[in-house]
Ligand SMILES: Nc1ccn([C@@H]2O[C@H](COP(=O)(O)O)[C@@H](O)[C@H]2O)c(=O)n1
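Below you'll find only one chain, the form predicted on its own, shown as structure tokens.
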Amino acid sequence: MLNKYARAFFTRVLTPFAAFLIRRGVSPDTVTLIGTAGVVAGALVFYPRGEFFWGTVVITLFVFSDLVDGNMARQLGRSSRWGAFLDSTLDRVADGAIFGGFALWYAGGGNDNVLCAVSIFCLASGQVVSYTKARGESIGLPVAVNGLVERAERLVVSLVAAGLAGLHAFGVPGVRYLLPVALWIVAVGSLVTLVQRVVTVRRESAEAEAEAADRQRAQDSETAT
């Protein structure tokens, strides 16, 4: 849902900015690299110190580069396999930094080993969820399922909760519990999504193998006659 509606809205909003960067000679790959560097810096500088509000502000400013670089590539007519590969790879780096930042906080000043483990699970499961789809498609399967929690949902739930939890430092009561709740939601949702994709790949694989076997039997019958 977020991919379908939010992405379309922000693409329209950011199109003029993308055009401005193109006129200044900035390449889509440069935007991708700068955006990832900003997200990683925001996550690993602020989150391990418990500064969730300011960390989320910095990350949010840079996370839109994921939309800007693609917009620039389309305007330039340069959409390429390399650009798609670089974008997807650096997305994984950014996601790892965000949940790694949470894990570092709970392993240190947050002093909560359970939430540290949950953060690490969110980091790992997010990578595996993406891998299952990529691997399934690489062996010729459509992997025709999105799943309960994809990357957009993981980021929105986690970053909104982290930003609101950071308001605790400004005296807002009760908000510090939002991040732990969000991490559990992301962890459970990612597990469900992983199961959905594994089951889908298993079903599609069996169907593909059965179809191939049917074709082989048909060919054998034709040869015999």
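Keep in mind that this is a model prediction, so the values were computed, not measured. Throughout, we count residues from 1 along the sequence that is shown.
What follows is about the form predicted in complex with the named molecule, which we do not show.
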Counting only non-hydrogen atoms and a 4.5 angstroms cut-off, does residue 111 reach the named molecule in the predicted bound form?
no
Would residue 73 count as touching the named molecule in the predicted bound form under a 4.5 Å heavy atom rule?
yes
For residue 36, is any heavy atom within 4.5 Å of the named molecule in the predicted bound form, or not?
no
Heavy atom to heavy atom, is residue 42 within 4.5 Å of the named molecule in the predicted bound form?
no
The named molecule isn't shown here, but in the predicted bound form which of 117, 93, 124, 84 has a heavy atom within 4.5 Å of it?
84
Those residues of 31-49 with a non-hydrogen atom no more than 4.5 Å from the named molecule in the predicted bound form are 32
